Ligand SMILES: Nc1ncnc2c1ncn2[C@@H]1O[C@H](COP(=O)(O)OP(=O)(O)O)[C@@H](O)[C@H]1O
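Take a look at this one chain, the form predicted on its own, written out in structure tokens.
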């Protein structure tokens, strides 16, 4: 079976600084992949290369049977790879419904809504898609609320719902639980994962919370110093000695406690 995402020998340099090197992975369709690593480990660089926000210095990226290496981010999005950001990319002065209409209209406009201001934001199909996404992500009670007034967790759900407006086949999430309280994080992820799996989306998500990784990932990619040091099921990857020493700190905390 052809992987939905295949990365080979991927590298990114900024002058003499190597931000990512020798990244080679295959991701099957509908897998949920957790990406872990300390700040500066190469996680976001990897996500930015896959989504076209950074051009790789070396290597190839294939989406199904299509080579997308170095393609513009807007073209990659139209092919079916979308993303959300750590800081929600939403319009604070608009309502939840209006934000979703904008996202649906942009997703449907192959020529780019910013260059075609006359594209209808509230066509029948746009409204239907907005309403479906609001229901799917369980934010209907906030439908007419201005985004500036929303709790952080609802903003996160809206941001991810907007990223799914174009029915992507792959979605990359950057720190979906960042800024979310301990009490809210599992409930939020339950909603997100249920919604995405119902649409059979392949998920790659960057996360620092090992509890979230352990509960929701089918597979873990552990990044350190720009490369992958562990790749496997959560129990296996999180038990890796280098991961425990360099990323999660589990081994260091255990040794300190024994000392």
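Here the structure is a predicted model, which is why all the values come from computation and not from measurement. Residue numbers count along the first chain shown, from 1.
The following text describes the form predicted in complex with the ligand, which does not appear among the structures shown.
Although the partner is absent here, residue 38 is a contact residue: one of its heavy atoms lies within 4.5 angstroms of the ligand in the model of the complex. When the ligand is considered in the model of the complex, residue 45 lines it closely, a heavy atom lying within 4.5 Å.
Contact check for residue 19: a heavy atom falls within 4.5 Å of the ligand in the model of the complex.
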